[in-house]
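One chain comes next, on its own, written as structure tokens: the form predicted alone.
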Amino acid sequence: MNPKAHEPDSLPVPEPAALAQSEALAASLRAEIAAAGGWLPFERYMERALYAPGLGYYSGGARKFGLFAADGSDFVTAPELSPLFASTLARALAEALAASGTRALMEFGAGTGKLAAGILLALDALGVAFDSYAIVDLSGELRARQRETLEASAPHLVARVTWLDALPAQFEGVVIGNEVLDAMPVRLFARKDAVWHERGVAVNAQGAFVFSDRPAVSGGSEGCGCSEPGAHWPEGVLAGIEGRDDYVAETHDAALAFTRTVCTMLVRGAAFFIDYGFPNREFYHPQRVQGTLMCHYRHRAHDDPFLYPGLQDITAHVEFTGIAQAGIDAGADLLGYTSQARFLMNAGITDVLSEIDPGDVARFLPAANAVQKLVSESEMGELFKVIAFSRGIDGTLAAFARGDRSHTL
């Protein structure tokens, strides 16, 4: 693929080695599209762009998490922004461990390992008894970084950490997933002239990837271009989107399946997912005509998923109503749903901040500024939500005691 074909003028050009890796993935994708008859569902393209072994964004070696474009990263997450995020989250996890009578934790997509290290240190400081901390991450490069982070930050606790290649059939404990659901492949649908189409990917005469739409068929997979045999056109979801004007929307089959799997695996304990998104009626609002798909490259957001395959993040906001129903369908209880700001305030982030001496300006001011970003409505506080499921926990937790929005799902 010509790397200039989809290159926004404002974005930096990758180094030659990175471009070569991207071209290798692009060549593999072109071959797969040709073998499929010239069209792939977008869900499959996104899956390969993010997770193709050795070449995808999360399975390759490119740096992803950091504070600035200059360090080679593409975006910042809450654990990277401030250690107070992990320290506060640990308080809610500690309460869930106690309420469920369990002693194990499991984190999905642990990134650089900063969240794991922060949680382990905070639980240790709180005197919380726990036996193990399992990490599920498909990236060998990230696993290595996680181990380095843990050995540097929490060397006395590394022995309790394990890395899993597959999920256990059953798990008793507390599950954490920070910005995991948004990184799962989505299906794209486009309404044109009042008719729904599934949006896929084709290759044009110049060898560049382009969107290509096929009419969706109600009630079954025949003719819909679905990526899996027996996959269905999501008639109930799309039919609920008001109007007849042109509209683009995502559906979250992979994230829903993942939620059901986790909540089925969880036989006792709780599962916390933190991500950006909306409940159904906001997610599929008639005015959200272009959907929520976005890409991140060097701390700049843009809307071209075909730019540098394997070198940029591709993501979509989470539709939390569906996530809630998936967990309930798997037999779990909905423990709570609220904004990140309310969750962190309830869990005691101001108390955690107060442990830093305000007179130590060099430490206190950066910490206070980071907390402001975590809880401010104009920053991460409102866009990010926390949803949790449980089994074997009576009532709720302090982190959901005020401002719970479960009724909005």
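This one's a predicted model, so the numbers in the text were calculated from it and none came from an experiment. Start at 1 and count along the sequence shown; that's the residue number.
Unshown form predicted in complex with a small molecule; subsequent notes refer to it.
Under a 4.5 angstroms non-hydrogen atom cutoff, the small molecule in the predicted complex has L138 among its neighbouring residues. A residue is said to contact a partner when one of its heavy atoms sits within 4.5 Å of a partner heavy atom; Y58 meets this definition for the small molecule in the predicted complex. The closest non-hydrogen atom of Y297 lies beyond 4.5 Å of the small molecule in the predicted complex. The shortest heavy atom separation between G173 and the small molecule in the predicted complex exceeds 4.5 Å. The partner is absent here, but in the predicted complex a heavy atom of P79, alone among G322, P234, G200, P79, sits within 4.5 Å of the small molecule. Of the residues given (D213, E179, D253, E95), E179 alone sits with a heavy atom within 4.5 Å of the small molecule in the predicted complex.
Across the proposed site, E107, G111 and L142 without exception bring a heavy atom within 4.5 Å of the small molecule in the predicted complex. Comment: 182-190 is the region of 155-163, 235-243, 182-190, 329-337 lying near the small molecule in the predicted complex, near meaning a non-hydrogen atom within 4.5 Å.
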